[in-house]
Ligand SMILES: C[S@@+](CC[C@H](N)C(=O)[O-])C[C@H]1O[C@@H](n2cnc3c(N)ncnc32)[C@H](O)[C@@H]1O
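First, one chain by itself in structure tokens, the form predicted on its own.
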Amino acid sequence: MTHYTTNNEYAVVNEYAGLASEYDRRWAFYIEATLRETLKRMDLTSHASLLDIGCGTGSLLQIISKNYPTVKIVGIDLSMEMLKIARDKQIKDAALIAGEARCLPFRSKSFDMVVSCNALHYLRNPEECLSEIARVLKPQGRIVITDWCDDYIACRVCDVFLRVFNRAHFKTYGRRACELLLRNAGYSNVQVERYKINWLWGLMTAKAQIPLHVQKRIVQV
């Protein structure tokens, strides 16, 4: 199947082309909080293979490489500028690739875990992306997604504002909506936890597995 870059994806690329050089400094608190809370919930094993979708400047991969040096790590992102920053960090043994979540350039059953931080609200076709993630997961592989949580009023207000004024943004989800997305995509053992990272802003982390029978069906299609 041929995939074409959408207007939304162009908007994301353009936005982060301008942000890349100062992204880590400008959003230091937000990045640190996101990585801290995501790592708590990943249950990563020492010899896993991991794909980070929307890896940005490589902050999560950098921490994983340091703390879990035997984990095979791959990052993919739309923004070449963000990937350049990630490459400048010289993350040991990390493969950093430009690409789209809805058309992953990997063989089926390639990864034990797929993780994504703060990218879900950009995805115009999340169902398509979740199906593609299921394809590249190994049997009983796990997905971990951290993103803004629409159950918190600050995120809800920001969502409304960005839908009007920012073409890159698509939609934020609450806990129940995120759980439904994963279940409809065929995932099982779905757990979605929401939490505050300061007095104003809230995130959620979703964890799930792809059942063996669903993974077989996806690979065969």
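All of these numbers come straight from a predicted model, not from anything done at the bench. Throughout, we count residues from 1 along the sequence that is shown.
Another form, the form predicted together with the named molecule, is not on view; read the next lines as being about it.
Under a 4.5 angstroms non-hydrogen atom cutoff, the named molecule in the predicted complex has residue 122 among its neighbouring residues. The named molecule is not drawn, but in the predicted complex it has no heavy atom within 4.5 Å of residue 203.
In the predicted complex, residue 162 stays away from the named molecule, with no heavy atom inside 4.5 Å. Put simply, residue 31 is close to the named molecule in the predicted complex: some heavy atom of it is within 4.5 Å. Interface residue among 74, 101, 86, 143, judged by heavy atoms within 4.5 Å of the named molecule in the predicted complex: 101. Remark: of stretches 184-192, 64-72, 48-56, 154-162, the one touching the named molecule in the predicted complex is 48-56 (heavy atom within 4.5 Å).
Each of 12, 78 and 82 places at least one heavy atom within 4.5 Å of the named molecule in the predicted complex.
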